[in-house]
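In C-alpha cells, the next block holds one chain alone, the form predicted alone.
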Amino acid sequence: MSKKPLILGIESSCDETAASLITENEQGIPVVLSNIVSSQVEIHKEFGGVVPELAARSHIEKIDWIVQKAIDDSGKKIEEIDAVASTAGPGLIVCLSVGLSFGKAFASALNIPFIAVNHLEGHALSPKLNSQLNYPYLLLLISGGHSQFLNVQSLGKYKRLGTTIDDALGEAFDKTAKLLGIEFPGGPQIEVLAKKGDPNKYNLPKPIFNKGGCNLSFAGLKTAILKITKNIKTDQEKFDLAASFQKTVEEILYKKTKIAFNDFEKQNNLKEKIFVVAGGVAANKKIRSMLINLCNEKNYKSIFPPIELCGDNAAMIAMVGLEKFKLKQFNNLDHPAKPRWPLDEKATFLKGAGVKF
C-alpha cells in the first residue's frame, strides 16, 4: 500500500491565522486530519474592521503554535509531511507575507516541496473536502473581498463569467451590520435580525439588476441603507431593514445566478450541471436555501462546503496543495506575495463605468 501525500496548509491572507493537515484515503478522497483557525475578532472589534498592521502582528505571534497544534492534532510527525502549501494571495500583503514566509522556511528546513496557493482557488476547491466534485462546474464565490461567477474547467483553469463592479457581497453585509449598530464582524448577524423583521418594509435598490449580464453591484444598495439608518429610531425598524436587505440580496442573486447558468451552459458540453457556492457568505442559510431551490428548478446539482469551511481556513489551502502535489506543480521559494491575484488572469478589470452594459 503506497503512502498517501500528507500536506500542511497555511493561511494568513487577512485576519485568521490558520493551519491544517490533510491527506487522502485509498479511494483518493481527501481526509482532513486537523484544521486550526485562530480568529482576531477581539483585536479588530473596536476599530470596526481589520487593521492590517495589527493583523500581521497577531499572525507573527500565533503562527508558530498554530502550525504546531495542527501537527499535534493530526496525530502525525513533522517528518511525515510531504509538502507545504501557503496562501500567496490575494489579500493584505503584510498578512500574506507572514504565512508565506513561514511556509517557505518550513519547506526549506525539511527539504520538501513548497506550493504557493491562490486563496480564491482554495475557496473554489473547498467543496472537494466533503463532496465528490467533477469538472467542469459553475462557481459562485461570495465572500468579504470577492463576489464572482466562475466557470471552473479544471485545476488552474478558470473563466470568469461575472463579478462585482464595486463592493463584495460580504462587505455589504458587514457595512450594513455596522450601520445597524452591530459589532464587527456583524455580517452573519444580519440573517439573525432579519428573522424578526418585515422583508417588505423597505423597497431597496437592486443596482444593474436588469443589465450587465451576471455582473453584480452592491454599492448603491449600501448607500440606500446608510440613508435609511439615519432616520431609524426603534429596534423593530432595524429588524425590518435587516429583513429587507436580506430579501433584496436574495432577489439579486436569484436573477444573476439564472443568467450565469445560461452563460455556463453555452460554454460547456455538459453531462452534469453542477453549481458550487463557496466563501464566507455561503454560510448564510437563507441564501443557501434560495440557491438550492433555484438549482432544483433548473436541474443543477448544488454543492456547498460545510459551514465551518465557508470562511477563511487552511484546510482549503491544503486541498489545493494536495491537488497540485499529485501533479508535481511546485513553486520556487522566491514566489512573491500577490495582494491582487485573479483566478482568471485574462478577465478584464471591471470598475463602475468601465463595465459595458
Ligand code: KG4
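Worth saying up front: this structure is predicted, and the values here are computed from it rather than measured. One rule holds for the numbers: they count along the sequence shown, beginning at 1.
From this point on, the text means the form predicted together with the ligand, which you will not see here.
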query: Check all three, 123, 171 and 283, heavy atom within 4.5 Å of the ligand in the predicted bound form; finding: yes
query: Distance check, residue 136 to the ligand in the predicted bound form, heavy atom within 4.5 Å; finding: no
query: 4.5 Å heavy atom contact, residue 143 and the ligand in the predicted bound form; finding: yes
query: Close approach of residue 127 to the ligand in the predicted bound form, 4.5 Å, heavy atom; finding: no
query: Residue 310, heavy atom within 4.5 angstroms of the ligand in the predicted bound form; finding: yes
query: Per-stretch contact check against the ligand in the predicted bound form, the hit in 217-225, 148-156, 182-190, 67-75 (non-hydrogen atom, 4.5 angstroms); finding: 182-190
